[in-house]
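Take a look at this single chain, the form predicted alone, given in structure tokens.
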């Protein structure tokens, strides 16, 4: 250890001085050492528990499981055939008609002939005419066209029922309906991705 040149009240022992710059040789503060070694110990335990030995699931894996459960509950994982099957259930279609009358007639009309929103009884669809596309449009909405997100408001079951009702209307061509918008529905085409 170098010889102490002088003692400063704030810096402690001054060991070196070069060009007017004084260098002190002091111990690190206890709070800094505790924080540093605590972080090292925490990192070692965290790595061992999550990565090395796999005793617990990593937080991202837990997040993915929770998201999958939410998607399953909301109907996001339903297939096109499953959504289309709801339209074959008269009870679901009746329930969907009631929910439609309560929430959708302002934009789509009482017979779904189209007012502000598009005609839902013709054979053309703006966001895809497959059953899954219709369900996703109701569930997720489409903000650029002022279609609200109804999935959280109605819940999964009632959203599926409204989709069933609208699927049952497809191709019925209500009299006095709004002009066709979008592309014609092609039953052989796969569903689009969610809007």
Ligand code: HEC
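Numbering follows the first chain given and starts at 1. Just so it is clear, the structure is predicted and the values come from calculations on it, not from any experiment.
From this point on, the text means the form predicted together with heme C (HEC), which you will not see here.
> At 4.5 Å between heavy atoms, is residue 140 in contact with heme C (HEC) in the predicted bound form?
Taking the distances in the predicted bound form, the answer for residue 140 is no, it never comes within 4.5 Å of heme C (HEC).
> Please tell me whether any heavy atom belonging to residue 104 falls inside 4.5 Å of a heavy atom of heme C (HEC), as the geometry stands in the predicted bound form.
Answer yes; at least one heavy atom of residue 104 falls within 4.5 Å of heme C (HEC) in the predicted bound form.
> Even though the partner isn't displayed, in the predicted bound form is residue 50 close enough to heme C (HEC), meaning a heavy atom within 4.5 Å?
No, residue 50 is distant from the partner.
> Give a yes or no for residue 75: in the predicted bound form, does one of its heavy atoms lie within 4.5 Å of a heavy atom belonging to heme C (HEC)?
Residue-level check for residue 75: no, no contact with heme C (HEC).
> Do heavy atoms from each of 145, 154 and 166 fall within 4.5 Å of heme C (HEC) in the predicted bound form?
Checking in the predicted bound form: 145, 154 and 166 are all within 4.5 Å of heme C (HEC).
> For the chain shown here without its partner, which stretch in 41-49, 55-63, 24-32, 127-135 has non-hydrogen atoms within 4.5 angstroms of heme C (HEC) in the predicted bound form?
Of the options, only 127-135 has residues within 4.5 Å of the partner.
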